[in-house]
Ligand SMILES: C[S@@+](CC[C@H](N)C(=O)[O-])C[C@H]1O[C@@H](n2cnc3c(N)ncnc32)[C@H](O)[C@@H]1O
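Next comes just one chain, in C-alpha cells: the form predicted on its own.
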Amino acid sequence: MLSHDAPLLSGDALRERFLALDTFLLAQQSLWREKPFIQQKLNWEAEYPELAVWLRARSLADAEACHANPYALSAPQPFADWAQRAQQLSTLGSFPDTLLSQRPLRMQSGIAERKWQQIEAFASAVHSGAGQSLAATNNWLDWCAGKGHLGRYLAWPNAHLECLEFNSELINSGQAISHKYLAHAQHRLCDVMSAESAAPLQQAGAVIALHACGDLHTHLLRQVNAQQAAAVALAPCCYNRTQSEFYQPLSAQGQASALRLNRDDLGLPLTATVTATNRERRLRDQSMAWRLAFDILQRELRGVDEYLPTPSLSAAWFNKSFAQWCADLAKLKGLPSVPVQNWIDLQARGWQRLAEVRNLELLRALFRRPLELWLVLDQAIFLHEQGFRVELGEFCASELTPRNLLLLACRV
C-alpha cells in the first residue's frame, strides 16, 4: 500500500536511512544470504531451532498466503523483531497524486492495462515535489524507451521527445505511434551503454527511465552526472542484470560500506511476485517441485551431498512424465543412468521440499525491501553528492508493480 503519511526521503535523511539499513543488513546477513532452494539445511537453523521447525511444518498454501506480506507472519521469535525492524526501515512516503490532463484514449491502444497505470502513476509523480521543475521541461529523453509509451505520455501534446532504444523493431513501431500524437518526436537506434548516448543526455531537459534494468540504470546515473544533465526520473529494476560479479556502489557512502553484494544477493528484491497468473504460478510450482525432487535424486546418484545447478528448461520439458523428465535431465547433466525409482514417492518429496523452501524463504523475504532500498539510496546519495536536489519515494502501490521506487533529481 502507498504510504501518504511517511515523508519522501531527501537531503540528510537519505544518508541517515542508508546508514540504518547498512547496519541492519550487515548484522543479519547470516539470515538473508542463506538459500533454502539449494541448501537442505540452513546455518541459522542451529541457532533458532524453534523457528526452523515451525517454518518447516507449514504447508505450501500457508507460505503463498503471506508471500507478499511476510511481516505479518506470527512466527516464533525473533522473527517478529526482525520483521518489525525491516518494515520500519522500509517505510517510505509516496509522491502525491497530481491531476494531469486527459490523454487521448487511443494513446493507450496496444498497452497492457497494468503498464498504462504504471505510466500514469510515474507521470503523476514527476509532476509533484522535486519533479515540478523537471516536469516543466519542453525536452524529454526516454532512456531504454521501448516503443516510447512513457516519453510520449509526458511529452504530449507539444513537447520535444527523443527515445533511445536498442531494438530496431521497437524503434520503427514507436516512431509510427509517436507520429500520430507528437509533432516533435525522434526514436533513435542507440546502445545506451555506448558513447552515443552522451550527446542526447547533454541536450535533454529531463531524462526518464521506467524499469531500466541493472547496468542500464546505474550507467544512466553516472552519465547524468558526467554529461551535466539537468534532471532525471528513474524507477530502477532487475538489479542483478549486471556484468560485474559484485555491485559497484556509486556514492562515497556506499563505497565505504562493508556490505559486498554479488549477483545472487542483488536478485533478492526481485523474488516478490504479484503479477503472475494462476497458470504461471502452477507451472512455476511444478518446475520447482520437480527440480527439488531431482536434487534429492542427483545427490544419491553422484554420492555428493551438494546442489547441482541445472539449466532453465522450456515449457515443453514439463509435458513429459516425471520419470522421463528426470532421466532426460540426468542425461543432460552427464549423470549415470537413473535406476528405477518410486517415482510417486520421489515427486511427493519434491513437493514437500517446495513447501519447506517457500516457508523458509519467508525469513529472507523480510530483507527484500531493505536491500532494494539500500541499493536505490546509494544511487540517490550519489546524485545528492553531485549537487542534485533529490527525492525518493513510491510512485505507485506495490500491487501494481513491486518495483515502485522512484528517484527524482534536479540539478541545483
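Model, not experiment: these values are computed from the prediction. Residue positions are given as counts along the sequence shown, with the first one as 1.
Heads up, the form predicted together with this ligand isn't pictured, but that's what we're talking about next.
- In the predicted bound form, this ligand lies farther than 4.5 Å from every heavy atom of residue 269.
- Taking the partner from elsewhere, residue 326 is found to have every heavy atom lying beyond 4.5 Å of this ligand in the predicted bound form.
- The shortest heavy atom separation between residue 192 and this ligand in the predicted bound form is within 4.5 Å.
- Proximity of residue 167 to this ligand in the predicted bound form: non-hydrogen atoms within 4.5 Å are present.
- In terms of contact with this ligand in the predicted bound form, the residue from 115, 291, 85, 160 that brings a heavy atom within 4.5 Å is 115.
- Residue 146 is the only one of 249, 146, 200, 236 with a heavy atom lying within 4.5 Å of this ligand in the predicted bound form.
- Partner contacts here mean any heavy atom within 4.5 Å of this ligand in the predicted bound form, and among 336-344, 300-308, 207-215, 318-326 they occur only in 207-215.
- In the predicted bound form, no residue of 305-343 lies within 4.5 Å of this ligand by any heavy atom.
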